[in-house]
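Just so you know, structure 1 and structure 2 below are the same protein chain in two forms, each on its own as structure tokens.
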Structure 1
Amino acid sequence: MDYFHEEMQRGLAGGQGALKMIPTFIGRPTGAEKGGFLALDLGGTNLRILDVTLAGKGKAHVTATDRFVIPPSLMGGSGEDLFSFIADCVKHFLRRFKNGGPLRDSLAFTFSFPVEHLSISSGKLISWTKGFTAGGVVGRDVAALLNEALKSKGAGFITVEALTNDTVGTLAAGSYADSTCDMGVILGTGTNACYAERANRIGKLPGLPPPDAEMIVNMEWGNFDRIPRNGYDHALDRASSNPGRQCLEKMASGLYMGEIARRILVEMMRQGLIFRGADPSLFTAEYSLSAEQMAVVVQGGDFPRESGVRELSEVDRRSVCSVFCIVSRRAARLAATAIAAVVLWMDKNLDHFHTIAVDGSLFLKYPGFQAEMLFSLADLLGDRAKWIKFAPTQDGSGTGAAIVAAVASFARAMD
């Protein structure tokens, strides 16, 4: 937690550190925002499009939603193809739900990668994470790339009103309904967090907003690297598409949890400790074990047939489950420690109640993950842990983007 605070301090002051601490130029919503928006959520393997109506009084309704799988070839292809695919999905959505008509022209774009904001509706991609490598996007304004793609597909009547990170969307969704919510966390394919910071603590933005105002800061905590790593972590990192980066993310998120466990299983097989007599090529393909499969096995299920593992013997099941438990427990405890560090940064003596909006499949679905995080908070903070509450905020990143767009259009109207 001390190291975390050092890196937060450095990032807010504009120094080169592990935490980017990106100012978003937006504060939390009041709950009174109203309006209708199209929200587009690109975060990992899926692209989601939603039609969101904000009714005020903290109530948001999703009136239509669709999900598209991003083909792996597009994650690693050209940026142009990726954005053209996204624009096609938007057109498909409009045809399906709106008869192709321009019912909405304001788009809220959740783009869940590190972006340096130029304004609330524009920002440059700093680097790809989570296995994406699409060419020609780093350093470019991703909102402009989407606007251009929409235009070239004849959907230029839609424009990006707000560009936001999934953590910021999650915090916006959480705080729209509950004013004690001051932090948004994603524990899914990747991991990251944002929180409401006092503007006078953001040293790298001198004199911009009134000093007593608050601004949401996207921490990009997945890149935190002052944690001891073991041989499996180093091997995974070396083989990844972004070696040396996203150290915490590689220890505490869904995309990598299966890969760490797979590497341990392969080593145990090599030492003859499990799966004796099985095909030695079992689990040799990188990323062939997912966190979803781990979840099935720890709940008593089997590995999928394609993995090549026949029915698990009792002894093997026990060994495999212990490995999965160690890997997921470490992830949960790291995530809880990072949350505790941020809460203490906001409120040194824990004098106030803090609701943490959390989204992501690891947190929402992995057996025992939330419970382990709660144990860990209690270990770290003792009795004071009761001042922290998790609010599972499923699909918050999409609805939240619409809320961010509403906050942005309100701010524009006031200018």
Structure 2
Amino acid sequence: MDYFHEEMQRGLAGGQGALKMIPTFIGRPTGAEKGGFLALDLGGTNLRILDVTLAGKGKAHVTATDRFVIPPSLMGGSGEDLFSFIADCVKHFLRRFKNGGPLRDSLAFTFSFPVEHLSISSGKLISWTKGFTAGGVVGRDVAALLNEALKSKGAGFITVEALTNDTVGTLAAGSYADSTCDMGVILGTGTNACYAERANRIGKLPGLPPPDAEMIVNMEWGNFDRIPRNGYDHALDRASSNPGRQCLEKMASGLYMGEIARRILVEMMRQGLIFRGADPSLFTAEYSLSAEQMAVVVQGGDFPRESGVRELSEVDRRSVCSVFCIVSRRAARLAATAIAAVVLWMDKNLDHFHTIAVDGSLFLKYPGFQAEMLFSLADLLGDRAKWIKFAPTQDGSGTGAAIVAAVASFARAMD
């Protein structure tokens, strides 16, 4: 936690470090925001569009939603073609649910890729991830690219009111319903976090008025690297597409948890400790074991048929489940420790109640993960852990984005 605080301080000051600490130019909602917004969620191969109505008093309603698949040719083609496709999807959504009319003119754009924010509604793409390589986008304002595409398609009445990611959306959704919510965390395929920071602590943005105001900071904490690692971690990192990066994510997220467990099982097979007489090629394909499959086995199920494991003996099941428990327990404890570090950064003596909005399949679905995180907080903080509460918060990338847009709209009205 001390190392975490050092990296947070360095990132807020604008120094080079493991945590990017990206200012988002947006604060938390009050819960009173109202209005209707379109929310567009691009975070992978699927594109979602939602119509969201905020009713105030922390109540948000999704009144329409549609999903579109991004063709691989567009993921690796030109940026112009990609954003043109997105604009076409928006028009299709309006025709289907709004009779093509401009009933909504404010768009919340969830763009879950690394972005350097320039304002509430603009930001430059730092780098593509998740298999995207569309040309002509890196270094450019993705909100402006979408606005241009919408205008060229005859939908210029719609403009991007807010640019955000799923982590910030999770915090917005949580704090819209609960004023004590001051941190958002994603624990799924990947992991990230954001929190409400005092403006006078963000040294790389000097002169923010007023100094006692707050701003949500996107930590990009998956890149935190001051953690002891073992041989399995180092082997996974060397074989990855981004060696030396995303250390915390490679130890505490769903995508990599299964791969670490797989490497351990392969080593145990080589030593003749499990699956005796099985095909030695079993599980040798990288990422052939997923966190979802781990969860099935832990709950008494079997490996999928294609794994080659037809039936687990009782001894093998105990051994495998022990490995899965060790790997998932470490992930949960690392996540809980990172959360504790951020909470203590915000509130050194834990004088106030803190609700943590959490989304992601690992947190929501993996057996025992939440309980292990709570145990870890109690282990770290003792009785003070009672001041921290987890709030499972789904769909921050949809309703949360609309709430961010509402906050942005209100802030502009006040200027």
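Because the structure is a prediction, the values reported are computed rather than measured. Numbers given to residues start at 1 and step along the sequence of structure 1. Rigid core (definition): largest C-alpha set, two forms, superposition within 1.5 Å.
J.: Is the form predicted on its own structure 1 or structure 2?
T.: Answer to the question: structure 2 is the form predicted on its own, whereas structure 1 comes from elsewhere.
J.: With a threshold of 2 Å on the C-alpha, tell me if residue 227 counts as moved between structures 1 and 2 once the core is superposed.
T.: No, the C-alpha moves less than 2 Å.
J.: Classify residue 258 as shifted (yes) or not shifted (no) between structures 1 and 2, where shifted means its C-alpha moves by 2 Å or more with the rigid core superposed.
T.: Superposed on the core, residue 258 moves its C-alpha less than 2 Å between structures 1 and 2.
J.: With both forms fit on the core, has residue 313 moved 2 Å or more by CA between structures 1 and 2?
T.: Comparing the forms between structures 1 and 2, which are aligned on their rigid core, residue 313 does not shift its C-alpha by 2 Å or more.
J.: Provide the displacement, in Å, of the CA of residue 45 between structures 1 and 2, taking the core as the superposition reference.
T.: A shift of 6.0 Å.
J.: Where the core is superposed, what shift in Å does the CA of residue 126 undergo between structures 1 and 2?
T.: Its C-alpha moves by 2.3 Å once the cores are overlaid.
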